[in-house]
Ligand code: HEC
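Heads up, the chain below is alone and in the form predicted on its own; it's given as structure tokens.
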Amino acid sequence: MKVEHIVVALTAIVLSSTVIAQVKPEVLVKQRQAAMTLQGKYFGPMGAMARPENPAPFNAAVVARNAGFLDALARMPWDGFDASTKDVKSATLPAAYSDAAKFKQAGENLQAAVGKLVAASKGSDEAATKAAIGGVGKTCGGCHDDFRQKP
């Protein structure tokens, strides 16, 4: 299955779920968690390649493919943080709801960092690509520091 088909399918699932007039808060939480889990799945191998110590071997094809997946996934979870979900058990801190502007900016920062990664993955500069991977990792970590309970 091509990346484009997967992205279209995932987008259709997200859009169809948000079209329903009254999506249960528990469903919204599960959907956003699924998107975040997939973000981790596709970021993990790239993060391993960009580690300063003992990096995994760099694989430009994997980076390009995974960056494409992340480009779609980075747009998906945010509507799942509707105010109706604030009382549903999850790792989300109350600050995601009380400081909604900062939280929204964090989501936009992730999308921008992923956009830079997508652009870098299309070039042949391994160092620039690794720097872009690091930028995505920092953006994820910053949001988790502010808006996610520590495990």
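Not measured: the values here are computed from a predicted model. Residue numbers run from 1 along the displayed sequence.
What comes next is about the form predicted together with the named molecule, which does not appear here.
> State the residue from 94, 40, 57, 52 whose non-hydrogen atoms include one within 4.5 Å of the named molecule in the predicted bound form.
None of the other options qualify; the answer is 40.
> Is it the case that residue 136, even though its partner is missing from this view, gets within 4.5 Å of the named molecule in the predicted bound form, heavy atoms only?
Contact with the named molecule, yes.
> Should residue 106 be counted as a contact of the named molecule in the predicted bound form, where contact means heavy atoms within 4.5 Å?
Answer yes; at least one heavy atom of residue 106 falls within 4.5 Å of the named molecule in the predicted bound form.
> With the partner left out of view, is residue 66 within 4.5 angstroms of the named molecule in the predicted bound form by any non-hydrogen atom?
Judged by the heavy-atom cut-off of 4.5 Å, residue 66 is well away from the named molecule in the predicted bound form.
> So in the predicted bound form, does residue 120 come within 4.5 Å of the named molecule, heavy atom to heavy atom?
No, residue 120 stays farther than 4.5 Å from the named molecule in the predicted bound form.
> Counting only heavy atoms, which residues in 121 to 146 are within 4.5 Å of the named molecule in the predicted bound form?
Stretch hits, in order: 136, 139, 140, 143, 144.
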